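A lone chain, given as structure tokens: the form predicted alone.
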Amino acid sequence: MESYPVADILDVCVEAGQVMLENGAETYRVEDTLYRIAKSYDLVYINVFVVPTALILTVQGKDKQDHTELLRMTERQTNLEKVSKVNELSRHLTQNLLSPDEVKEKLREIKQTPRNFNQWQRNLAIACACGCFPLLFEGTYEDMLPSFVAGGLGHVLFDIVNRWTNVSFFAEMVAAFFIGLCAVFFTSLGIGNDINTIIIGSVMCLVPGMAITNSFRDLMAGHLLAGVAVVAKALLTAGAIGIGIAMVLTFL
């Protein structure tokens, strides 16, 4: 098998890990994928350490020297299509090895994969989901419209504030406060029966359901540090939502 520079292989592994972490992959899945890629190039003593904000990869090449690369993560979103494509690429490499340059090109193509839906379509879907949640919490059909409007506009506001401040805690608190105001406004007009049901249904657009799920999967897989870190982020989000709603209910 052709021998490639260890530095190029490390670059491929780290870039693959970056794509996965940025798009919502569990840490244990990222570690397994990077191990597969490094192993396919016949590297040995492969050690991968991944947390939600960083990844470290150390390998030993044929020169018997240790090589390490570290990547700090700053952005996270949810796009499981990209995660799946990187997973498929890693499994393909175990069967048909490609050069690092070819793999980098495929990773660039994955990064540039367009979303199937634009931002407004996603916001509309989120609003529809929020509008249906009151029925799950024993609400009435009259509560659906306020939840639809409050949840949809609240998520739009969250995106705007998050882009301006880059502080998700503050953005979630502002969005929750706005949702609470909308719930009070609609119920004061006689639109909707139960303000509590409306608020619960509307704030579901802010609840970090995927983060909570991933954290427990990481914990069950033995990745305690990553699991606890994600749980802490989820608790901060819950706190921000609670503060925003509490401010509305306390002063209004």
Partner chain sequence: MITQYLTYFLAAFVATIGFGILYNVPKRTIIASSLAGATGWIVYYFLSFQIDLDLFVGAGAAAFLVANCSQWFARYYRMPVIVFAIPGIIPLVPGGSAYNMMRAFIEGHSDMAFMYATETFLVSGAIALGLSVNSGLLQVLSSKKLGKRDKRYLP
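The structure presented is a predicted model; accordingly, all values stated were derived computationally and were not measured. Residue numbers count along the first chain shown, from 1.
There is also a form predicted together with its partner chain; it is not shown, and the following applies to it.
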Original post:
Does its partner chain get within 4.5 angstroms of any non-hydrogen atom of residue 117 in the predicted bound form?
Top reply: yes
Original post:
How about residue 165: is it within 4.5 Å of its partner chain in the predicted bound form, going by heavy atoms?
Top reply: no
Subject >> Partner proximity in the predicted bound form: residue 160 to its partner chain, non-hydrogen atom cutoff 4.5 Å >> reply: no
Subject >> Contact test in the predicted bound form: residue 97 vs its partner chain, heavy atoms, 4.5 Å >> reply: no
**OP:** May I ask you to choose, among 191, 70, 44, 220, the residue with a heavy atom within 4.5 Å of its partner chain in the predicted bound form?
**Re:** 220
Original post:
Of 88, 109, 75, 101, which residue is found within 4.5 angstroms of its partner chain in the predicted bound form when only non-hydrogen atoms are counted?
Top reply: 88
**OP:** Scan 202 to 229 and note down the residues that get a heavy atom within 4.5 Å of its partner chain in the predicted bound form; none is a fine answer too.
**Re:** 204, 205, 207, 209, 210, 212, 213, 214, 216, 217, 220, 221
